[in-house]
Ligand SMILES: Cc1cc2nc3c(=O)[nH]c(=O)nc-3n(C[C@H](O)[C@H](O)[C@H](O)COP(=O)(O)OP(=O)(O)OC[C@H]3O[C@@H](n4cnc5c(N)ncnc54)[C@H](O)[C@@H]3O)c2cc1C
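Just the one chain here, the form predicted alone, laid out as structure tokens.
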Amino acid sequence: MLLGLPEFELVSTETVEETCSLLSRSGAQAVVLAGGTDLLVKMKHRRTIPRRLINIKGIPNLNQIRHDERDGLRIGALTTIQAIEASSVIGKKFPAVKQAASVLGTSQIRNVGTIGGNLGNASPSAEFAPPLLTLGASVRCAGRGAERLIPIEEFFISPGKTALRQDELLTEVQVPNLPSGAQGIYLKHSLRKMDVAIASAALLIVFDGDVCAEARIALGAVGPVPFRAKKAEQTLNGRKLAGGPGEIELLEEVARVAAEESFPIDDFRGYAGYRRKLVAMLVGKGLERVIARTRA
């Protein structure tokens, strides 16, 4: 059944300051419109009925990708998924982010949807959340007369809810440069590549020779918010990964612990028990692939 949009007022802004002022004056009746790929679907199904949409697509300089060796990666909130997938610097230096972009929806969605919208929607299955969690990313948020930088681990509060205040606008994603010896990957399981993840996992392993100096494992779609699997990380930290006796058992243990840390629900995409098995499979596969790169 096709549903029409509820009535709303559309207002376009040209600056961040104007947007924040309008958000503050409008209160909870207003929401920001960027790509609209999530918002308009919610509105059609009456899951949200805002009275005012604030179109921010005309704000300049919020769709840029910048990188340098001192400050790391900066991705403007209006940067499209397609631009992220096509970025050579992201593909070379932050491959897990490119991998997330490449499996997010259809090509039509990727050409319209933005990274700010993907994160601001606060879906438990948000594609960019797990890799950004492993990368230690932060989001820059502008409010009336002030800015603040929120670590991505503190940004997601609950399904559909972020740490953004009513007068704040997410303007940029900041990603520090990877430490030496780091290898990362993002994997998801869905019925089709374009579908929302049933479960997803991102891994970043920092190698010191053949020792895991630091492990970062983040999971998506298996909890109310994307999160780091800290116990699984601790299981791997400091362990030697040289292919010797016991390595297979170690990787299986890490995958098992990660699955136990997840707390999915049953829904139309899959049962909770199935999702836990997927977590173990994804983490195990991710570990194998990351380790294989260091031995190539």
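Don't overthink the numbering: it's just position in the shown sequence, from 1. Model, not experiment: these values are computed from the prediction.
One more form of this protein, predicted in complex with the ligand, exists but is not displayed; see below.
Residues within 4.5 angstroms of the ligand in the model of the complex, judged by any non-hydrogen atom, belong to 101 to 109 and to none of the other stretches in 88 to 96, 175 to 183, 204 to 212, 101 to 109.
Mapping the unseen interface onto this chain, Ser125 counts among the residues with a heavy atom inside 4.5 Å of the ligand in the model of the complex. The closest heavy atom approach of Asn121 to the ligand in the model of the complex falls within 4.5 Å. Looking at Ile75, you'd find every heavy atom of it more than 4.5 angstroms from the ligand in the model of the complex. The ligand is not drawn, but in the model of the complex it has no heavy atom within 4.5 Å of Pro226.
Interface residue among Ile265, Val31, Leu250, Ile65 relative to the ligand in the model of the complex, by the heavy atom within 4.5 Å criterion: Val31. Only one of Ile84, Ala218, Leu135, Leu169 comes within 4.5 Å of the ligand in the model of the complex through a heavy atom, and that residue is Leu169. Residues Lys188, Met194, Asp195, Val196 are the ones in 175 to 205 with at least one heavy atom within 4.5 Å of the ligand in the model of the complex, listed in sequence order.
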